[in-house]
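Only one chain is given next, in structure tokens, and it is the form predicted alone.
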């Protein structure tokens, strides 16, 4: 399973050339990529329990947003949130320790892959639950910390939850500093989005008078430049839905990919990893090997730690 998910560096056909990244952006992208691949390898060897949902193919979303969000902002993540956490904190040791139930875990090993709380960051595996919470936090920020915002990541499948619409209604009525990031990868677990969602994300945001911005690029620099003025407006109380048309390389969880071969092939052809390797080979290879080695070192070090006293694995 893990071998089929290891990105090949063959020809990529998913759009125009990607612009050259700053070193720290490329390092973070590669950290997330190799962290997720390592998780799948650990599961394949039976060294992890429970489940996990990787963000392979979608790593550029939180990386593009990273400098647009400050330490005073709240970030609410979801079940596919490892990249969100790493973009926020860069803490591969603490996250892997949490997933493995080892000492040094972010939440003592009781949160696992999906449920993590640290400072102003919270993830949950409950679909739609975080959006009304984020709206409440945005209301608090508007009253007590003007200029701060609440950013919440959801997927296309989350639009089947009524709480999403209640939160958007309040955000529009009360002019909340709420940034809704939709990672639309075209499939909700095993159901194609077109088979379970009528209309569009843009139309649903418009129904509440909430601005919508569509992102079809995987170019971090382009995305960031386009979003910067829009995020500044969110801080002034103008809620925004940003919809990323993205691609999920891996299965919903560890080995439950029901997509037809052509859908998987399309995701691979649009993968930023292979595209960047093709467009900027020298820059890519200068950082890819070290990132792979870094994550392997993290995995070896964390695996050697004793179990956390709070972990179910203890």
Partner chain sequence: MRVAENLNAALHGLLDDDPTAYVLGEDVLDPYGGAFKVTKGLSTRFPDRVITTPISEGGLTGVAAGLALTGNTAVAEIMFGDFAALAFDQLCNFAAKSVSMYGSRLPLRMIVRCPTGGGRGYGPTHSQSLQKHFVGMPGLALYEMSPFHDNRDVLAAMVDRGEPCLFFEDKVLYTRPMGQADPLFRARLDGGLAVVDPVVPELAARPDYVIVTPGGTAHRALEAMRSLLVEEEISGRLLVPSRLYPLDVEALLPHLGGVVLVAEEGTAGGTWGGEVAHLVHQRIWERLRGPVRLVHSAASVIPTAAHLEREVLLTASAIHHAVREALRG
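Just so it is clear, the structure is predicted and the values come from calculations on it, not from any experiment. Positions refer to the first chain, counted from 1.
Just so it is clear, the following notes concern the form predicted in complex with its partner chain, a form of the same protein that is not shown.
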Evaluate residue 221 for contact with its partner chain in the predicted complex, applying a 4.5 angstroms cut-off between non-hydrogen atoms, and reply yes or no. no
Residue 233, heavy atom within 4.5 angstroms of its partner chain in the predicted complex: no
Taking heavy atoms only, is residue 136 within 4.5 angstroms of its partner chain in the predicted complex? yes
If you check in the predicted complex, is residue 86 within 4.5 Å of its partner chain, heavy atoms only? no
Picking from 123, 217, 185, 158, the single residue whose non-hydrogen atoms come within 4.5 angstroms of its partner chain in the predicted complex is 123
Want to guess which of 87 to 95, 239 to 247, 202 to 210, 73 to 81 is within 4.5 Å of its partner chain in the predicted complex, heavy atoms only? 73 to 81
Please tell me whether the candidate spot formed by 152, 181 and 277 is one where all three residues come within 4.5 Å of its partner chain in the predicted complex (heavy atoms). no
Members of 168 to 185 lying within 4.5 angstroms of its partner chain, judged by heavy atom, in the predicted complex: 169, 170, 173, 174
